[in-house]
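Only one chain comes next, encoded as structure tokens, the form predicted on its own.
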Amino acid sequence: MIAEILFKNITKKYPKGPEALKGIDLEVGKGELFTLLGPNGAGKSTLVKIATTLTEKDSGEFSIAGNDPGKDFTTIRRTIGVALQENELDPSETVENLLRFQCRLFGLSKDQAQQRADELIRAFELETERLKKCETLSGGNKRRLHCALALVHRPGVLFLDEPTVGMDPEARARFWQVITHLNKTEGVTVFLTTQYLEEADKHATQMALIMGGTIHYRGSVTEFKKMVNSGEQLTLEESYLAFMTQSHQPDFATN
């Protein structure tokens, strides 16, 4: 396996707060659709923010597509696409203008920016929202726009933090058509957190389970279900809940 995302002994402690990460070792292979699961406060969001250069680690090393963030910060930011829960949108800007502006930030010409914005508006079925200001969008349409913005520069690695929250079932289905096409056809590596375990079960092939700032499982989704259920194939959600019960952990949550 060629490691596209690599963490070595990553630690993070917040001032006057918990030790969020306690020596994380984790590899995500090139072209994987990978999901990180775990209960509230497990360290998922912290790890994602470190990987996307939004939070500083205390110690350890990590790389994206072989690039060291300390030396290749600009390269990493151009390699990754990021759609986090707390991404802010300019409330007074329209969907189309925001996409064009993001394209221009990544060096596309005016014509290229318009073309790419049009492509993403079609892909995420935002045609009727094209000229609407972001402040008027529904929660689901804001999430679709977040994901479209993450893709303007055709990243090779995509970080998605609960991307389909607020989307209706039809929008969720269309979203996953776009993401699985990128993963299977274009080889984009996807790093996903989601509260919808049926999505992870259907689309992810590899996973890790983080609890209390440490990794408790890393492997395939199929093998995790077999491990928990002694070979019996239950759903990922059923397997997750069984594992957490066996570990005396709280009920499922992903943040």
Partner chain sequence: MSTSRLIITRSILKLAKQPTAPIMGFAMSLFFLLVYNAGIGGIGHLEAFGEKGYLAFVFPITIISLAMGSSAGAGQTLNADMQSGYFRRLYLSPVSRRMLVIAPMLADTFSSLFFTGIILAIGALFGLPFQFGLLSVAGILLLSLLWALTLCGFSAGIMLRTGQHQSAAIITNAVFPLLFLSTTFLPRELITSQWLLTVSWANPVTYVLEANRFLLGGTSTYEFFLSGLLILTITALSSTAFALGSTKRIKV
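Numbering follows the first chain given and starts at 1. Quick caveat: nothing in here was measured; it's all calculated off a predicted structure.
One more form of this protein exists, namely the form predicted together with the partner chain; it is left out here, but the text below deals with it.
S.K.: Looking in the predicted bound form, is the partner chain within 4.5 Å of a heavy atom from each of 178, 190 and 203?
M.R.: No residue of the spot touches the partner chain in the predicted bound form.
S.K.: If contact means any heavy atom within 4.5 Å, which of 179 to 187, 101 to 109, 162 to 170, 122 to 130 contacts the partner chain in the predicted bound form?
M.R.: Selected range: 101 to 109.
S.K.: Does at least one non-hydrogen atom of residue 74 fall within 4.5 angstroms of the partner chain in the predicted bound form?
M.R.: Within the cut-off, so yes.
S.K.: Would you classify residue 222 as touching the partner chain in the predicted bound form, given a 4.5 Å non-hydrogen atom cut-off?
M.R.: Output for residue 222 is no: heavy atoms all beyond 4.5 Å of the partner chain.
S.K.: Considering non-hydrogen atoms and a 4.5 Å limit, does the partner chain approach residue 174 in the predicted bound form?
M.R.: No, no contact at 4.5 Å.
S.K.: Please check if residue 116 has a heavy atom lying within 4.5 Å of any heavy atom of the partner chain in the predicted bound form.
M.R.: Residue 116 lies outside the contact set for the partner chain.
S.K.: Under the 4.5 Å heavy atom criterion, name the residues of 42 to 65 that approach the partner chain in the predicted bound form, in sequence order.
M.R.: The stretch 42 to 65, when checked against the partner chain in the predicted bound form, contributes 49, 52, 53, 54 at the 4.5 Å heavy-atom cut-off.
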